[in-house]
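One chain comes next, on its own, written as structure tokens: the form predicted on its own.
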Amino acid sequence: MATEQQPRREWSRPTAFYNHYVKWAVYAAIAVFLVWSAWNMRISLDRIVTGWGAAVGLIQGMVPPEVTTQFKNDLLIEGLVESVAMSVIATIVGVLLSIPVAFMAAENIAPKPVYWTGRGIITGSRALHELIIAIIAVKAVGIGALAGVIALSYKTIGFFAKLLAEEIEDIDTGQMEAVEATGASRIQTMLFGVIPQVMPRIVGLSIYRWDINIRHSTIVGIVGAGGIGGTLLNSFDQYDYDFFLTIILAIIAIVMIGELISTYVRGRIQ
């Protein structure tokens, strides 16, 4: 008796959608949303042409950059030094505040009320842009670097604590249980059973956040929160475009140096 031939099965690419009708409905909704967004922005060809001409004029006003005036060079150096100092202090303060919040927000070691409190702190820190926090800080403590440090420290908590909490949730619980078996207290268990496992991550995240804070410290000054941002805004408002370009190039150089330092340190740690 001949063996019955099995029906031929065809391979189909896996899809995240329930069926093809749902897939095409989602694609259509995205296309409609994009068209509506473009229409709502009122983008016109005349506006693009006019803007292109203005951009060319702006670039011509920037070149060459201003590097000859001693007074402006002093403003530039002072602003850059203040921005770097703000980033360092904000990173240290933010990391010190973030570590206990991260332990609170780790589901595997914190009770539910503490866990949700920690997650609430992280969510509150991540919900607002640093410029909004900087505006509030300027209103609270006045114009200057202190407002910028407060804003950057506040934003560091949301970033650092969230990533560290996820790292704590992935630790080897066997090491923590071994420390507990010796009769160690809860604090001793955290110190000797958890922190040694996440210490490389703490150092790596600290360097990474410092790199981010360097960039952000050049922005918060626009609202009066210290750093080079205030000088940047003033030069643009005064149509001093060549000095504006000098500041932009200096910021890029500082960010690149910070990136190189961050990459080197993280490579050494790993």
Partner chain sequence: MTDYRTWERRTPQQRVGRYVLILIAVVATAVSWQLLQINYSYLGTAPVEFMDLVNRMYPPNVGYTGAVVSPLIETVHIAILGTALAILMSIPVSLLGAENTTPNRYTFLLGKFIISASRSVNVIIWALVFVIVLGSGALAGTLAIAVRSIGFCSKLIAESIEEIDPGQVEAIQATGANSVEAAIYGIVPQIKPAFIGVATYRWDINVRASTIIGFVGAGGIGVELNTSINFFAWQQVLTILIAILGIVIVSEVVSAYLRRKVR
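Take the two forms, superpose them, and find the largest set of C-alpha atoms that agree within 1.5 Å; that set is the rigid core. Just so we're clear, the structure is a prediction, and the values are computed from it rather than from any experiment. Positions refer to the first chain, counted from 1.
Below, we refer to the form predicted together with its partner chain, which is not included among the displayed structures.
Engineer: So, in the model of the complex, is residue 260 in contact with its partner chain at a 4.5 angstroms heavy atom limit?
Structural biologist: Taking the distances in the model of the complex, the answer for residue 260 is no, it never comes within 4.5 Å of its partner chain.
Engineer: Although its partner chain is absent from this view, report whether residue 63 comes within 4.5 Å of it in the model of the complex, heavy atoms only.
Structural biologist: Flag for residue 63 set to no.
Engineer: Report yes if any heavy atom of residue 97 sits within 4.5 Å of a heavy atom of its partner chain in the model of the complex; otherwise report no.
Structural biologist: Outside the cut-off, so no.
Engineer: Is residue 135 part of the interface with its partner chain in the model of the complex - any heavy atom within 4.5 Å?
Structural biologist: Contact with its partner chain, yes.
Engineer: Can you say which of 113-121, 80-88, 168-176, 182-190 gets within 4.5 Å of its partner chain in the model of the complex, counting heavy atoms only?
Structural biologist: Selected stretch: 80-88.
Engineer: Though its partner chain is not shown, can you say which of 145, 163, 75, 195 has a heavy atom within 4.5 Å of it in the model of the complex?
Structural biologist: Only one listed residue qualifies here, and that residue is 145.
Engineer: Can you name the residues of 231-248 that have a heavy atom within 4.5 Å of its partner chain in the model of the complex?
Structural biologist: Stretch hits, in order: 232, 233, 236, 241, 244, 248.
Engineer: Using a rigid core alignment, state whether the CA of residue 238 is displaced by 2 Å or more between this form and the one not shown.
Structural biologist: Shift at residue 238: below 2 Å after core fit.
Engineer: Once you overlay the rigid core, does the Cα of residue 44 travel 2 Å or further between this form and the one not shown?
Structural biologist: True for residue 44: a C-alpha shift of 2 Å or more.
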